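Shown below, as structure tokens, is a lone chain in the form predicted on its own; questions about how it binds or moves come after it.
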């Protein structure tokens, strides 16, 4: 059986999920909030012209989120916007009235009192929640699933969070965080959504539209033919998909959702196509730790099922290959340091375009010499030991067993 599986959806006609909450106006609102932080700077959009010629496509663009707020990953965009909206709602105000310097003011702090934000994370999301809580002089508690990297734990603790690695998988850690929130009166900040818990996950998705909006402006009128989005619970993918589908309408780019074989919960849900969420259980053993999630976010799936074209499940070696190619560019191209999850979408396509045995997948995705491909490097080397193990020592090659 192939290590690559594909599910394709025909573009839906008629009633689809409304995208106003992820469209241009919503993205401008999120970006305005993020730009009020002193450390805000848009992340680069890198054009890999030499690699495009090598792979026989028109152009390859990579939005590099490893520069975001000095945190080496995009996740802070969602957590900060969700926390900002929670605080605004608590104060009876709109987030547009509460830029960063207003939110950290003595007046606002006195009205709010002490708040503890809690979340479960493999690292990047929790670091963003902890950083935001620290910036706003509030508290945070972060739970991490079994096998999480010690470096990621330390990075979260360095933001003042009470953080620990549990013996649970990701979804179990989310349930434990939710229980602690209910028992202690804390605020759960999680991008996993379920019935009765959808407001904060929706705010998180809206926060992610900042990076999509930046990329849209940086493209300067160039419209991608294809966008590849890696997915854990699907909130990032749903946010970016929702933004570009809103902007371009029926003429939107072909969008492919990419997941590791061991944690392909959105792929399995798409494959079933029965209107139900299909979780993946167990240890979900994949190097793409940020994508090792077993339960799709309901608010994300509502967008993905209506607007995404392809769902692909792929082996770990593709992400490792993507890391190596981006980190060792052809002459004239910029180097991009991409972590395991950050390289997932790019790694899939680099393998598809270089491996003749995957011509069937190349044709199914509709990639040819006229294609303009857009990727999002969602994280840098957030686990540097593992990054070196993969890039220096060559772990997870095509010949390895996944």
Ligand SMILES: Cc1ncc(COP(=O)(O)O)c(C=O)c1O
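Positions refer to the first chain, counted from 1. Quick caveat, the model's predicted, so the values are computed rather than measured.
Omitted here: the form predicted in complex with the ligand. The next part is about that form.
Put simply, residue 207 is far from the ligand in the predicted complex: not one heavy atom of it is within 4.5 Å.
The shortest heavy atom separation between residue 260 and the ligand in the predicted complex exceeds 4.5 Å. For residue 290, a non-hydrogen atom is located within 4.5 Å of the ligand in the predicted complex, even though that partner is not displayed.
Although the partner is absent here, residue 371 is not a contact residue: none of its heavy atoms lies within 4.5 angstroms of the ligand in the predicted complex. In the predicted complex, no residue of the candidate spot (33, 76 and 214) has a heavy atom lying within 4.5 Å of the ligand. Proximity to the ligand in the predicted complex, defined as a heavy atom within 4.5 Å, holds among 189, 233, 319, 130 only for 233. The stretch in contact with the ligand in the predicted complex, judged by heavy atoms within 4.5 Å, is 372-380, chosen from 357-365, 372-380, 38-46, 55-63. Within 4.5 angstroms of the ligand in the predicted complex, the stretch 118-144 places a non-hydrogen atom from each of 122, 124, taken in sequence order.
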